[in-house]
Every structure is written in C-alpha cells, then in structure tokens.
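A single chain comes next, written as structure tokens; it is the form predicted alone.
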C-alpha cells in the first residue's frame, strides 16, 4: 500500500513539474517571439547601409568575421539624429504642455462632476462621454477651417517672432497643443472621475463643515490623493500625443513645425531606393522617449491603475 502511495506521489510531482516546464517554455517562447522584431530592428539600425543588401538583418553585423552579416556602423543613427532633430524638439514642445494641461483640466472637471452637486451635471457628463467616441477623421475639415480661417493665431504670432526663442511657425504647435488638450480632456475626465468615485465623501463633507472653499478642498485634499491617477493620465496622454500623426498632418502640414512622426514619413526614402538601416534607427529613436517614460514611471502607472 505504501509503495502504491509513493508511486502516486511521484507521478503527481512529475506532473506538477511537467506543467511548470510547459508553462515556462510557453512564456519564454512568447517573449522571444515578441522580441524578434525589436532585435531585428536594432541589428538593422547598426549595419552599414552599403553592406545591408544581402545581409541577415536579424544577426549582429560581424563582417568580416561572419560573412553575410554586414559591417558595423553608427552612420544610420547619426543620420537619424540629424534628420529627426528638429522634429524631436517640436514634439517635446508639443507633448509636455498638452499632457500637463489635459491632465490638470481633466482632474478639475472630474472634481466638479463628482464631489460637487449642481444642476445640469449629468448632461455635462454625457457630453464628456460622447467626446470619447468622436473619431479624429470626423473633425479634420472643421479643425483645419477653425485654425486657418476662424482663429488668427498666425497673425498673433507674426509680431512675436522678434522675441527670443519664438518663431513664426510656433503658432502651429500652439494650435496642436490646444487641439490635443481638448481632445484628451474627455478620457482624462472619465479616468479621474472613476478614481474620485472611490474616495470617501466624508473628507469633503468635513472640509466643507470647517468652512473650506471649493478650491481649497481640491488643492489640499483631492489633488494630493490624485497623484497615482495623474501618473496614469500623463503616461497615456504622452504616448497618444507623441505618436499622433493625423492632427499633425492636418494642422502643421509639414515645414519647420513638423513633429517627429511627420519626419519619420520620408526619412531614408529617395528615388535611388530605401535606406532601411536609417529608417530603423529613426524609428527606434522616435520610440525612445515613450519607452523611457514607461521604464521610469511604469510602477506608478501600475499603482494608479490598481488604486
């Protein structure tokens, strides 16, 4: 009897170990499958463009030690920095204020929709929800007419071009900042509203009994408790605005105010062919800021989602 029990225990232990091995193998396989395109892009970005044709882009460039792998070169990265330099600067000028404004305004709007009761609150909330479902393509024509014919931002910035660090084309970036702030406001408001719904009403009621004003309640009670959700909203908005191309094409229409996604469209492409190492280096360089944001603030993003 003890022998049979021992055999059953051995088979159970063997089955448990086998399941763990299979599970780990699946996870490793999925990780490798996911990382192969990234690895290929990195290897391609450090190959000399002259030796790229006929090489194996998924292998490190080790010529002449390993024939057929291409020669190592940082020329694509230098070309990517030169080609995307102005676009990266314009994207930073666009993304930072648009992210901050949409987050702060969304927090204030959510505060007004949750902790304060007033007539018409439900109707305004419905408008915010409806704003999420308006596709970008539906507003392109009115948006172009608005910024080029209705609001004379270009005329306002013309005399300001004499000031330090101000260029005449900056009006297009200001228009983009306002557009992304307005379009990101509904989703930011809903995220903050869901977060504020979890907060205790007793804190706000106690502050009101003590005579605190609405602005004081928001500044001293609600705002400190919103830091985890601000991390979520800022990361989300940063990624969305940085990767946007449609609004940039509509408002900027290329030129000195072009953002990094616009510069990516034509870099490495000419009548003589496509410079794939340069395009891969440019793509990786353009994706680097969003990657850094997730690396440094990923833990706060997880805490904000779980909050």
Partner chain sequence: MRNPLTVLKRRLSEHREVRTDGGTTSAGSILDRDSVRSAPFWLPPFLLIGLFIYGAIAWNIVLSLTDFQGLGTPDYSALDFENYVVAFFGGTPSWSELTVSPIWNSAWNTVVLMVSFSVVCLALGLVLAILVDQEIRFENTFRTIYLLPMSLSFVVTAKFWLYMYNVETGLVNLFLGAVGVGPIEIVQNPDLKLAAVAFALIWQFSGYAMIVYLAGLRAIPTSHFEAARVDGASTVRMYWRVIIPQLRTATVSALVVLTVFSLKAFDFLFSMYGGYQPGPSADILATRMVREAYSNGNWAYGSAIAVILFIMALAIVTPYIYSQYKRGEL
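Under this definition, the rigid core comprises the largest set of C-alpha atoms superposing within 1.5 Å between the forms. Residue numbers count along the first chain shown, from 1. Values in this document were obtained by computation on a predicted structure and should not be read as measured data.
If you look for the form predicted in complex with the partner chain, you will not find it shown, but the lines that follow are about it.
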Option from 92-100, 70-78, 177-185, 161-169 whose residues, in the predicted complex, bring a heavy atom within 4.5 Å of the partner chain: 177-185
is_contact(residue 156, the partner chain) in the predicted complex, heavy atom dist at most 4.5 Å: no
Contact test in the predicted complex: residue 218 vs the partner chain, heavy atoms, 4.5 Å: yes
Partner contact for residue 278 in the predicted complex: the partner chain, 4.5 angstroms, heavy atom: no
Partner proximity in the predicted complex: residue 66 to the partner chain, non-hydrogen atom cutoff 4.5 Å: no
Position in contact with the partner chain when the complex is considered in the predicted complex, options 109, 199, 207, 88, heavy atoms within 4.5 Å: 109
In the predicted complex: members of 133-159 within 4.5 Å of the partner chain, any heavy atom: 133, 134, 135, 136, 137, 138, 139, 140, 141, 142, 143, 144, 145, 146, 147, 149, 150
Per-residue C-alpha change between this form and the one not shown, residue 120, threshold 2 Å, rigid core fit: yes
Flag for residue 29, CA shift 2 Å or larger between this form and the one not shown after aligning core: yes
Core-superposed C-alpha of residue 288 shifting 2 Å or more between this form and the one not shown: no
